[in-house]
Each structure stands twice: as structure tokens, then as C-alpha cells.
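To begin, one chain is listed below as C-alpha cells, in the form predicted alone.
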């Protein structure tokens, strides 16, 4: 039995990850630790597990792994505690709010000989994986350009407080696509030009960004990343990518496996997903990493590389010119 704990339920994805852990027969969700007692007790009750009022007490429960879903600015702190306890880690994205903390997280885990995986669930969309095989197999020839979007609703709470989140829509939504483009092509981002604005919401963080990313293989990508969708939007993002190659084109929508459901009874609109659950794909992969004693599929270094694209975008917004990654 793989014993897992949840460190914080601050992030909106925590509930889905906990539910996915509960679906795996080889996993015991030992408990939820959260300094917000009401939030932690509610999460523990929903997932039929115990609530711990301190992270140290949870980490004393002979765990194999923890899922960190705290505010982004606390990922280093949480990682340090788990690594000191000898517990493997799945950390919500972005890996941190700055590159120095991310590198320290990687170094801490390496020194403690614990595994650090970054939570990028979009890799586990069957459509995303299938188009990757098309790209990696050379069927498009040489990829020269990519047009991508990640639009979603404004999450509110600490997500719009840069001291906790690291920024706004750019850091929140860029990292998913930045990771996928690197995973697809093997190319490293070298330069970013970005513009941003606060166009849809009254807040102290950007809710819209447009990035142009240059890569070391000559490819470039544009990414429209925003919190431009209304509160009723059915999911956190759309993650769409269109690849242009010397031998063809291909496009992929990570959330296309759905039915558009209109209810006249409730006067609501939503998506009813019929495809694979990308979160359980991520969780199943991480649990397999723990049980088979292999290296993570998505490393801390992968998390850092994606974060660096977002950080270069912020520097570009500030300088008004392209910035190195």
C-alpha cells in the first residue's frame, strides 16, 4: 500500500488530486494537513481521511509521498519539510514564484534523495500525447511555428495576490503550454517578448498576456494566456496548440473530449466530459513512480524550465523588449 498525504488545500486542483488518489486501490490517503482548519477539516471529511493541524504531524505518519497544493510562494517551504522527512513529492505548478526557490527545491530533494515531480496534468491528455507522437515522429517535417492559447476564468483568492502567486495569468497559464512545447519538440526556449494588461477584472495582477517565444532550434511560438473567460466557464483553461511544419500542420485541444450541455431547466451551460481524466493520469503516473522506484516522468527541472519562460515574459513586460530566458 502506498501511503500519501496532502499538504494544503489552498490550490483549486487539490480536490481533484485527492479524489483521484481515492480511486486507486493501491493508495491510502493518510490525511490532509492545512493551517486553515475549516478548509482542512472539510477536505478531510470529503475524502474520508484524517485532518492534521500541522504539516510536521502529517509527515510523521510513515508516508511514501505527499502532494503539495499550497500557495505558489510556499512550495519551497513545503518541499523542505517533506524532503527532511524523506518523503517523495508531487508539487503543483508553477514549481515556484522565482527561479532561485525552484533551484533550491531541486537541490534539497537531490541532497535528501527524494523524488520531486511537477504537476503538469496536460501531458496525460490522450489527444495531447497522440499529437506529440505525430510531431516527434517527423510527420510534420521540421516544426517552424506554433500558435497556442490557454484561456480560462479568473480564479480569485491568493491567485491574484502576486506575493503568493508570483503574478497573474502569465505565471498561472504560461507554464502548462511552455512545458508541452518543450516536451513535444525537445527545443529550449531562449527568448521571450511579452505584453500584458489587466483588461477584464479589477485587481492588482495581469489577466491577459501575449507571448512570443523563440527557441534554440529556430522555432517560434505565440501564446495567448489570459483569465478572459466568464465565471461560468466550465474549466480552468483551454490549452490549444497548432503546429506548423515544413511538411504539414496539426492542432490539438486538450479539453475537446466533452459534450456542450445546455440546461433549460436550470438555465445553465457547462461541459460534460466523456474523455480521459488528465488528473488521474497524472496521479496514476506519480503513484507508479513511487511503487516502482523510478525517476519522475515530469521532474523538478521540467518545472523550472517552464517557469523560466513565464519569468522572462515578466521581464519583457517591464523592459518593453525581448528578454533572454
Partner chain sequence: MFNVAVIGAGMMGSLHAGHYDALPDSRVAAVLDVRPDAARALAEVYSATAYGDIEEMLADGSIDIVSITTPTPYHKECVLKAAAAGKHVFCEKPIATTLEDGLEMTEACRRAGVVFMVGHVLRYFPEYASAKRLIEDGAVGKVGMVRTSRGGSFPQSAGDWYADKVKSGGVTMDTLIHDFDWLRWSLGEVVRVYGKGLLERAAEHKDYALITLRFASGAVAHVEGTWMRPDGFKTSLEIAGSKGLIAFNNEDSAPIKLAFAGSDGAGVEAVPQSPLSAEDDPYRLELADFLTAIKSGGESPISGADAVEALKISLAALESITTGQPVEIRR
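This one's a predicted model, so the numbers in the text were calculated from it and none came from an experiment. Residue numbers count along the first chain shown, from 1.
In what follows, reference is made to the form predicted in complex with the partner chain, a form of this protein that is not presented.
Contact with the partner chain in the model of the complex holds for all three of 146, 196 and 322, each having a heavy atom within 4.5 Å. This chain appears without its partner; in the model of the complex, the one residue of 156, 126, 138, 248 with a heavy atom within 4.5 Å of the partner chain is 248. Distance criterion of 4.5 Å from any heavy atom to the partner chain in the model of the complex singles out 210 from the list 112, 210, 203, 187.
The partner is not drawn, yet in the model of the complex one stretch among 130-138, 114-122, 217-225, 75-83 has residues with heavy atoms inside 4.5 Å of the partner chain: 217-225. Contact annotation for residue 253: none of its heavy atoms lies within 4.5 Å of the partner chain in the model of the complex. Interface membership of residue 244, defined by any non-hydrogen atom within 4.5 Å of the partner chain in the model of the complex, is confirmed. Remark: residue 71 does not count among the residues lining the partner chain in the model of the complex, judged by a heavy atom distance of 4.5 Å or less. With a 4.5 Å cutoff on heavy atoms, residue 151 counts as touching the partner chain in the model of the complex.
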